[in-house]
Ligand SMILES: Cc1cc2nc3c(=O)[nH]c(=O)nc-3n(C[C@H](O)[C@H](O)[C@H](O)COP(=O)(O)OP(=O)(O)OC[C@H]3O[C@@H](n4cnc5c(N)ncnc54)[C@H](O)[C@@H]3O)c2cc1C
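Heads up, the chain below is alone and in the form predicted on its own; it's given as structure tokens.
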């Protein structure tokens, strides 16, 4: 029997997970990646001679799909768990923000609202049904539950800076899951949150998947290759055409790129594609710094200061010490933005100058001499804007074009972007594609 061929556009975690699954099920698999790096938003770059993630990632206790996949890949011995502190910089001071006792000492918010905030975290931790929250905007839901002062001190800067002009349109379900996932990473009510990490971060995961699939005789990877269009005949996808003009026939095509990029590849107009076009996205700009010593003791520092444009500093080496960095520490300063935001168009040097000034405001003893290396990374369409009612907009994997399938971060909803959600999508779409066209079984 003739094996069928699947073409996967994009070598991020979802695309590589799908490739892994389809190869196991007897497909020929071709992965087309537009860059040299594998991993998409989970890719790593060389910093001081070792791989470091472009963007920060961590693993929560609820990330069962990811942990299961890590073990299946034989990487379980590289996975560790550790308590990691969170704090909040507000009114010129850093407040610990980990336990109920820290919350009681968060004097910038009235005591009654601090108590309401803690109750909301507990209720969100215990809650599992989110469908009614999909119909509510996050802002009034949070204000009703925790109070206006608490919202302004804790959630407003996170929503406003991340989503900009969309901040008051985000669904309460999206916020609920973010609270739920993190809160369930505590081992007890009084404990500090505990998170997981691989020894070299996402590099271990990407290398683990690629190591399994790269030796398979039915696998092909094209790096630095760009798809010009998905070729559709009638209402059936037949293959892809590369920027070079080469046509590659396929029995199934899976696009794992963000929906705006996918829409540029298909000339199709119907209700399904119109719904896809209605989803808005924001871009990400992230500065990565390698520094001589810890900036703070926190893994995550939320920032609420009107003079600072970003809303957080993520110090991943306070979770994963990374001994291979020879005692150097890693800082991430993320900023989400639309294409019309000056921050998106700012030069790397301008961002550096602005961010160094901001870091000195948070920690006056911080010096540029502490910075060993720094890089700025930008990616289009990094985050879908999950508006009220997003459950009815979120697409499925199967399009209205036969043999054409999609995955996208919008399908994580109500979950935020996580490695575990990427793995879950890769596995689920594998089952769907295989059920539509498998002709023989295989093994790895």
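These figures come from a predicted structure and were not determined experimentally. Numbering follows the first chain given and starts at 1.
Separately, the form predicted together with the named molecule exists; it is not shown, and the next lines address it.
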item: Residue stretch of 152-160, 224-232, 112-120, 321-329 approaching the named molecule in the model of the complex, non-hydrogen atom distance within 4.5 Å; value: 224-232
item: Listed residue that, although the named molecule is not shown, lies within 4.5 Å of it in the model of the complex (heavy atoms), from 265, 362, 103, 371; value: 265
item: The single option of 336, 281, 295, 89 touching the named molecule in the model of the complex, heavy atom within 4.5 Å; value: 336
item: Proximity of residue 257 to the named molecule in the model of the complex, heavy atoms at 4.5 Å; value: yes
item: Partner proximity in the model of the complex: residue 55 to the named molecule, non-hydrogen atom cutoff 4.5 Å; value: yes
item: In the model of the complex, residue 9 touching the named molecule (heavy atom, 4.5 Å); value: yes
item: Residue 412, heavy atom within 4.5 angstroms of the named molecule in the model of the complex; value: yes
